[in-house]
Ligand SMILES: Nc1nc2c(ncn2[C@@H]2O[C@H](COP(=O)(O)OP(=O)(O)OP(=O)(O)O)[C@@H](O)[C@H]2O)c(=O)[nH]1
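The chain that follows stands alone, in the form predicted on its own, written as structure tokens.
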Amino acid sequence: MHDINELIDNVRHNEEIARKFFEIERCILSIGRCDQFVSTLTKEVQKHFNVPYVWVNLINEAPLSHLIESLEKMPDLRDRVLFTRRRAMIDIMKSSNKTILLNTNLSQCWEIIPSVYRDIVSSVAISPLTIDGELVGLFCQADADSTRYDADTKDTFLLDQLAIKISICLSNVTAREKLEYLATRDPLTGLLNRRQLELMLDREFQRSKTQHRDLTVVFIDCDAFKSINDTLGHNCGDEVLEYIAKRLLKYVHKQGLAFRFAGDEFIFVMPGKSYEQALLVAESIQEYLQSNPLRYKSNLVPITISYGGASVISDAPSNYKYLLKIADERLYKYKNNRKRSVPTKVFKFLNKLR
């Protein structure tokens, strides 16, 4: 009789665990954004199973590279999502497609554990996440209790099933966000495209007028870009544009937004910043590019830029299109005044190659 009662208790216990897993699956199946997906998943697992540390590792390359920018900006996800090398994940999982439980030698998987947890956790459950059969991430749970995830005493069947459901949801979410990303981004540089610029400026211009705060736009273009293309080829030209875009993002991303306007022209927009503050950013980008030529094959290609800006407070434009027009006119005035000076370095370099 004792054995029967014990069996019944075990069945009820397993049913309760299965119900909790079902609740988690129900919560994540309809989510359409990756930040909401990661946040909901980790919080639901913590709530239902009282797991102190839960996070998701994602590879920092295709097909998930488009998620890095948006997820890393979310303060609530700082310890819940970690972008990691695929090689590091493969080294841990080996060829296994099942959950791995570890409670010894955790230093071997330091790279997949958020730094704030490394001195705390004593056992970890690591479940593989896949898209189209390829390892793209890990779903991780950890505890300070070394017996929590003991491979000798714990079964991973339900965790394996959950990982499959997470993988399906992750595939759906990333595909949806990839489409959105491609619709709003320039495919070469990854910067927001011209359509997004117009939408953003229309909104921010109205907000600037209503709240009486400044709004500044700055045009940037690459000096002698056509000559670089003609001499070194379009592949080099593409790398020049990507190089400028990366530097633009680095200087602007915490203060505003950067866009590829057309060809070798870029724009950055800084809500709440003055004309003078925005020009300081443009000068910093210019100084960096002048001091750090692009390494292309065996060449160090010098890059110089021209820029021109305008702001709502200093120029009082009637609409955002006129704001852009003023900035564009200043760009070309600046560029024409410098034709015989700064770009000379670029032309001298190109003439040596001809």
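Just so it is clear, the model here is predicted, and its values are computed rather than measured. All residue numbers are counted from 1 along the displayed sequence.
The same protein also has a form predicted together with this ligand, omitted here; what follows describes it.
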{"item": "Accessibility of shown form to this ligand in the predicted bound form, site-C-alpha superposition, 2.4 Å backbone/C-beta rule", "value": "open"}
{"item": "Within 4.5 Å of this ligand in the predicted bound form, all of A125, P128 and D160 (non-hydrogen atom)", "value": "no"}
{"item": "Listed range touching this ligand, judged in the predicted bound form by heavy atoms within 4.5 Å, from 100 to 108, 113 to 121, 217 to 225, 137 to 145", "value": "217 to 225"}
{"item": "Touches this ligand in the predicted bound form: D238 (any heavy atom, 4.5 Å)", "value": "yes"}
{"item": "Non-hydrogen atom contact G263 with this ligand in the predicted bound form at 4.5 angstroms", "value": "yes"}
{"item": "Contact flag, K20 vs this ligand in the predicted bound form, heavy atom cut 4.5 Å", "value": "no"}
{"item": "L188, heavy atom within 4.5 angstroms of this ligand in the predicted bound form", "value": "yes"}
{"item": "In the predicted bound form, the one of H234, R195, K94, K254 near this ligand [non-hydrogen atom within 4.5 angstroms]", "value": "H234"}
{"item": "Partner-contacting position among N229, Q277, S284, T84 - heavy atom within 4.5 Å of this ligand in the predicted bound form", "value": "N229"}
